[in-house]
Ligand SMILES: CC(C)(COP(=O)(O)OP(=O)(O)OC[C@H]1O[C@@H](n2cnc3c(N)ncnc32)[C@H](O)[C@@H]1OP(=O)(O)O)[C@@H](O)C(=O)NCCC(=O)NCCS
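Below sits a lone chain in structure tokens, taken as the form predicted alone.
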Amino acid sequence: MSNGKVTVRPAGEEDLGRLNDIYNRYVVETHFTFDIEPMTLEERQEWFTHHAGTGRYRVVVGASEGTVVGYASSSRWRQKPAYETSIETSIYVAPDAVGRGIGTRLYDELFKSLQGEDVHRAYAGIALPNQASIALHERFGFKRVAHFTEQGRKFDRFWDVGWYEKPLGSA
């Protein structure tokens, strides 16, 4: 991966293949997502239909020299209507692009794009251990509000999950 300039912009349909490749590498190689099977492109396209590019649910990508190197999203946290003003955020950066500040750029753009939206809280579940993700979330004002023990099983072991919360919008 070159150290070329990274451009952060809203994701488009044309980004989904690369976005899915980045995510699926985490599925196969890490405990950071509790998906066990790689996501198909059709599943990713269906997921993307819930992220309009406006409103609460969005996806931004970071691109370097025309190649997507990471993405961040805000998604519905829970299905019940009273949770509508809460979002769950996710962020994934290509392994060869980690440590270049791309995660910071992605979250910065995502949270700027959410200003003025009717969003009250952001939540992030972080499978532990994952010190880099914890540091990124804390840099953006997330605070740990829960620690669930052995919440998920992957790679023949159980993993804890820290849940983090960030206030958004007006009180």
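What you see is a predicted model; the values in this text were computed from it and never measured. So that there is no doubt, residue numbering starts at 1 and follows the sequence shown.
Keep in mind that the form predicted in complex with this ligand is missing from the display, and what follows is about it.
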Review point. Quick one: is Phe32 in contact with this ligand in the predicted bound form, heavy atoms, 4.5 Å cut-off?
Key: yes
Although the partner isn't part of this model, could you tell me whether Thr104 comes within 4.5 Å of this ligand in the predicted bound form, counting any heavy atom of the residue?
yes
message = Just checking whether Ala132 would be counted as a contact of this ligand in the predicted bound form - the rule being heavy atoms within 4.5 angstroms.
response = yes
Find out whether any non-hydrogen atom of Ile87 is located within 4.5 angstroms of this ligand in the predicted bound form, and reply yes or no. no
Within 4.5 Å of this ligand in the predicted bound form, heavy atom basis, the matching stretch of 120 to 128, 40 to 48, 53 to 61, 141 to 149 is 120 to 128
Exercise. Assess the spot marked by Ala11, Leu19 and Gly66: is this ligand within 4.5 Å of a heavy atom from every one of these residues in the predicted bound form?
Key: no
